[in-house]
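One chain comes next, on its own, written out as C-alpha cells in the form predicted alone.
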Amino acid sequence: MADPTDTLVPFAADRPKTRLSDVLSPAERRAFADAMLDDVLAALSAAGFRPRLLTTEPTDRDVPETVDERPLSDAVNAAVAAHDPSPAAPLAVVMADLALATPRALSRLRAPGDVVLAAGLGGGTNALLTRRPEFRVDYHGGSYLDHLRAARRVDASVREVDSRLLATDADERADLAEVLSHGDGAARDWLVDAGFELDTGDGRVSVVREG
C-alpha cells in the first residue's frame, strides 16, 4: 500500500463561516465549522491521506497542526515550501468546509499530473494536489483560474477533477440545502439538531429553521 499523502487542511478557527452570519450566531458558526472539519478529516483518513491542520489558533483535534495567523495564501505557500513536494512525496490541500467530501471523491486527487485541481462551484479551488515544489497558491477571488495560470508558469502539467462532492463548500445559506440533501456526516447531523430542514415551497430547494 502506498504511503499516506500529506495533506494540509486550512481552518479559520478564529473567524469561521462569516458568510453564514445571517443564519448562525458566532458560536453556532464555530460549532458547524467544527462538524464539517470532523467530516473532512474522517474522509481524508479513510482515503489514505495524512491530514495536518493549518489553523489560525490551536484546536483540540487529534491530528498534527500548524498554527499560522497569516492570510490563507501566505500560510499555505509557506507550508508548501517547507514540504518541498515531489512525485514521490506529493502534497494535497483540502478545504475544511467540504461537508460532502467522501473518501472516493478525495482519492481522485491522486490522478496523474504535476498539479491536480478540484474547482469550487463559485470559481474557487476547494482541493488540490501538487507534485512540483515551485507551484504556489493564490486563493484570492477566482482562484481556480489563477491556479491554472500558476501551473503554466512553472510548466507543470494539470489534471482537472470534476466532482460535485468536492465542488460543494458550505459558505452561504443556499449551501446548507446541499448538506441536508446529500450529506450523511457530522455536519448534516448538526444542522438537523439545530432545527434546519429542507423547504421546497417555492419550487426550489432551500432551508428553513424551526424553533
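One rule holds for the numbers: they count along the sequence shown, beginning at 1. These numbers were taken from a predicted model, which means no experiment stands behind them.
Missing here is the form predicted in complex with a small molecule; even so, the following discussion is about that form.
- Within 4.5 Å of the small molecule in the model of the complex, a heavy atom is found for none of T168, F196 and V207.
- Residue contact with the small molecule in the model of the complex: T18 places a heavy atom within 4.5 Å of it.
- The closest non-hydrogen atom of A12 lies within 4.5 Å of the small molecule in the model of the complex.
- Of the heavy atoms in L54, some are within 4.5 Å of the small molecule in the model of the complex.
- Residue contact check for P71: one or more of its heavy atoms lie within 4.5 Å of the small molecule in the model of the complex.
- Here the chain stands by itself, but in the model of the complex one stretch of 128-136, 107-115, 84-92, 71-79, 71-79, has heavy atoms within 4.5 Å of the small molecule.
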